[in-house]
Every structure is written in C-alpha cells, then in structure tokens.
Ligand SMILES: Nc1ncnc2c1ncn2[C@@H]1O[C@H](COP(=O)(O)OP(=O)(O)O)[C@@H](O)[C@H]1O
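Given as structure tokens, the chain that follows is alone and in the form predicted alone.
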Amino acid sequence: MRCILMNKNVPVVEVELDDDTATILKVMKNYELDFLPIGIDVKTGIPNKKELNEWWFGRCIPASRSGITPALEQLGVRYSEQLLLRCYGLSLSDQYWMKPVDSELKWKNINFFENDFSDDVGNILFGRPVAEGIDLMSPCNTSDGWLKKKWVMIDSKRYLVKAGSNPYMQEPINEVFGTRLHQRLGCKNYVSYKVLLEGDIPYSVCENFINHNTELVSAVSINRSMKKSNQFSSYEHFLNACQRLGIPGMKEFVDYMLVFDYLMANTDRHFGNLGAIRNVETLEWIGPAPVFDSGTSLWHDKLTRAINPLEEMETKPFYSNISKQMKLVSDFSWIPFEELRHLEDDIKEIFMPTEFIDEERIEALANAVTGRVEELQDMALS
C-alpha cells in the first residue's frame, strides 16, 4: 500500500509499505523534507530508507514487552509491527502518522490528543479480557518499553499507566519517590507521578507532557542527526549534536539528570528516555524533555540484603562506570543538601508495606538513600 508520512498536517514523503509487515519498501516521492523525523539522513534528495524503517519500527511495541505474546494472539496479529497500520502510526509522543494516498483522512479527526481512543488494546496488554469486536485504534500500539503500560483518558486528559516487575513491583513507587526528590532538589522540569493501586498491585500514573503542537525527540534521534567522530565521547557527541540542532539548555539539564540519577541509583537512563521537545508547527526547539521514566532504580530488582549505597553499579547512558559518569558533572554548587537531609523520611512515607515490599526492605532503602546523599556531598567537596 502507498501512504504519505505526515507530520500533523504537513506531507513529508510518500512511501510504499508492505501490507503484511508494515515495512517501508520504497520512498516514492518527497514533499517537505524539513519535517522529516530528526536523525534520518538525506542524500541527493532521497531519505535513507534503512534509517526511516528504524525510526518507523521504533514506534511499535517491542517483542520484549511483558505478556506481549498472548496479547498479540488476542489482538489477532502475528507481531506488533502489524499494529502500527491499525492506528495509522499515530502516537501520543509526536504528530507523525501514515495517511493512505487514496484517503481523505485529516489529522484533526483522528489524532489521539483531541479524539477519543479505544481502551481495548491497553486492557489486553494488561491481560484483561475484552469482548468481541476489538477496536485497534489506540496509542498503545505505539508505546515502547518492556514493562506493561497503557494510555488512558481521565477527565479528557491523557495519562500513561505503567506496571512494575517481579519480585517487588517497585518501579511505580520509585517514580513517586523520584517526584519528591525533584521537588527537594528544586527542579522545575520533571514529570510528576502518582501510584494507582489495584488490589495490592501498584501502577505508576503520569499525565502526558506532549501536546498537539509538540513532539518528543529522543536522544537516539538527536545522536543520529550528525556523524560521531572517534575523537569525541558519547557525552560530547550528544552535546555537540544538541548544539548543532539548536537545542537550548541541555548541558545544565544533563548535569541535573546525572545527579538525580545518582541519588536514585538509576541503572536505566538510556538514550530512549532522554531527549528534547520541539514545536511541530515551527520546528523550533523548546528545550530538554522533562525527566521521566526513572522507575528502574533504587535497587528495584536486588534482594534486600544486597542493597548497598556504595555499590559501583553499572550506569547509562554515557559511561557504564558510575564514578566515571559522575565526573561529567561540572557543577555541584546548586545542590540544596539541606533539603536532602531527611530523604529517609520520604522513603518511609512513600514506601508503604505491601505483599511485595516489607518493612525490612523499606528500612534498607532509607539507609541506602542516606548513604547516597553522603557520598554525593563528598563528591561536591572533593
């Protein structure tokens, strides 16, 4: 089938898609290449098909998603890529979509920011039965990550609901503690999380920080926007790419993020949950995306007896060694250590005992976070 890749109301390129696999087989015609997704190279006026496919398939639910195999069976598709075309590739993270060439569809009538969407896909992804006549028009079709997640509407607002993982189901509660930590650090650019309990199972809930005029551009795409020179580290390359694109405020933001992730013992700050926000109408950069997706932290999958604040754990995204990564922070003077003196009280308030987390674990987490603050203060004084 032939479709036009649209950025909201702007035609970008016409492509030929494989009906079965949703693969982009050929770029047929160019329209407004300035509106291409960031990071797709254009040579002799032709967008790179391989990179276009990587971006396109990066929108689909990964094969590693918890519970995806039985969910796909109930949804009636063989693999998650097939779900892309069931919702025209629409997302709640940007305004890109695939418009069939013979269609009169308009973005204003089908986008998920301004129109209702089905709960069917989200419920099935969470293992809940759905009656016959499943509606596949859902932004859940274009959600990434390995943990169960779904988009829901509450009072006309769009919220992302996300599960935790065994054995402690701790990630959703970590997000709430992260919200409190942002507040204590005086940060303004973060996503606020709450916990929704269904039975004893916690889920994190956050409002969408992208609207109908903006898009989230991941650091993956930002890095791809320019060729990396061997003389630059991944950290330098990322900041160079941001500077070249004209993204303001990224150096200071990364300083903050590294400090926050250190205190959270975050082991999964990768280039997919770091990025920037761009206006899709003017293509002007607004600035760094808020800190989000910090749940894979606080020793979430470690046995209680293995929680150690001084652990030389592996890190991301710039170095795998935490000591080396923290040396990238150029300024510690902004950190309000007085506000961090009683973080253990926040842990004990936020982490209520459940069937997954007991009081011994909460006490261990409280002590570990205190130790983390002390280590950070030593870094700041050295």
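Position 1 is the first residue in the sequence shown; the rest follow in order. Model, not experiment: these values are computed from the prediction.
Absent from the display: the form predicted in complex with the named molecule. The rest refers to it.
Site annotation in the predicted bound form: the residue of R278, H182, K162, H300 reaching within 4.5 Å of the named molecule with a heavy atom is K162. None of W107, F260, Y79, F292 but one reaches within 4.5 angstroms of the named molecule in the predicted bound form through a heavy atom, and that residue is F292. The named molecule in the predicted bound form is approached by W151, whose closest heavy atom lies within 4.5 angstroms of it.
Although the partner is absent here, I307 lies well away from the named molecule in the predicted bound form, with no heavy atom inside 4.5 Å. None of the heavy atoms of S221 is located within 4.5 Å of the named molecule in the predicted bound form. Contact check for N208: a heavy atom falls within 4.5 Å of the named molecule in the predicted bound form. The stretch that touches the named molecule in the predicted bound form, counting heavy atoms within 4.5 Å, is 142-150, out of 142-150, 80-88, 195-203, 225-233. Taking the named molecule as it sits in the predicted bound form, the stretch 81-118 comes within 4.5 angstroms of it through a non-hydrogen atom at L92, S93.
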